[in-house]
Ligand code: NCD
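Below sits a lone chain in structure tokens, taken as the form predicted on its own.
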Amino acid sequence: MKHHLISAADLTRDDAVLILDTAEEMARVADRPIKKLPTLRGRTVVNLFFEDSTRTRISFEAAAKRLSADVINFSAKGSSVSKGESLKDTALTLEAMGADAVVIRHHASGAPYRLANSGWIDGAVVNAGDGTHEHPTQALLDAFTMRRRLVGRDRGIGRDLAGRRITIVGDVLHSRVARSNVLLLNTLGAEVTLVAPPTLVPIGVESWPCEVSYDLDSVLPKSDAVMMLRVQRERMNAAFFPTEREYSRRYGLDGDRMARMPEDSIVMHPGPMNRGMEITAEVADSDRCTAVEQVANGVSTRMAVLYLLLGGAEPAAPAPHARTEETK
């Protein structure tokens, strides 16, 4: 792996599979009475959040603490940033404090790349979401969830998602989750189809490694996983569709539509959900919806990322065939 994780495009297939395999080992830690490893003891991880996010920040904090790292949570609100301090000065302050890794979430696309390539900081930089650009660890936890559900926990080790058909539905235009997922899933061999209103499809999408459709009903019967995206009204400065009811009628997932999906397919959502708009309560609360699993898997996946960036380049546990004292 590279020193930083800025984009899903930074990952080769081997890198991605290594992270997923390591996340599988980290997930086993969650089943223990004491959910800690000493791997990053003495290391400092800073959560540098210029944008609000409860789910992602807590997930990274839990991941770092389970690896025994010291964690500093930095929020732009109430800090020197709100008084006009620049990203450079903030980075230099963190460097002076001895940050080994900086997990950054920023409203400006490209901010993590700027931080990683500026020379302001020597530690690893992890992109936790930048503008409408990317969110690579979300794509990794989504891929981890898909591999567990579609391939199987035991049989998934060392495997990718080759040949799996993944459909991503909704507000693709404003979704960094969609961008990272398209890149990573293509690297892992999956076939990705985007479904959205024409107004919510990005310019230049023809260069993305995926198909585009405007007809959800035609795609559902051949989808192994359907990922519903939240409509991000906070990023919209115009009317992108007539009404919420019209959007839900054409692009929302309800029980009838879910019934048209293959029997063993799954429904995903990166959260938070607009229940009743892009997804109904019936679907969100069904056994086929992995939204809660994705949150749990996020901790394991981010543990794997931090471990591989700061701790080592090999999986955190012996290979499955290796014998231990317990199995002798």
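In this text, all values refer to a predicted model and were calculated from it rather than measured experimentally. Just count from 1 along the sequence shown to find any residue number.
The following text describes the form predicted together with N-carbamoyl-L-aspartate, which does not appear among the structures shown.
This chain lacks the partner; the member of Arg149, Arg176, His106, Arg164 within 4.5 angstroms of N-carbamoyl-L-aspartate in the model of the complex by a non-hydrogen atom is Arg176.
This chain appears without its partner; in the model of the complex, the one residue of Arg275, Arg41, Arg55, Lys36 with a heavy atom within 4.5 Å of N-carbamoyl-L-aspartate is Arg55. Shown alone here, Gly271 lies within 4.5 Å of N-carbamoyl-L-aspartate in the model of the complex, counting heavy atoms only. Shown alone here, Arg257 lies farther than 4.5 Å from N-carbamoyl-L-aspartate in the model of the complex, counting heavy atoms only. At the 4.5 Å threshold, heavy atoms of Gln138 reach N-carbamoyl-L-aspartate in the model of the complex.
Not displayed here, N-carbamoyl-L-aspartate is approached by Arg230 to within 4.5 Å at the level of heavy atoms in the model of the complex. Figure note: of the listed segments 130-138, 215-223, 184-192, 94-102, the one touching N-carbamoyl-L-aspartate in the model of the complex, with heavy atoms no more than 4.5 Å away, is 130-138.
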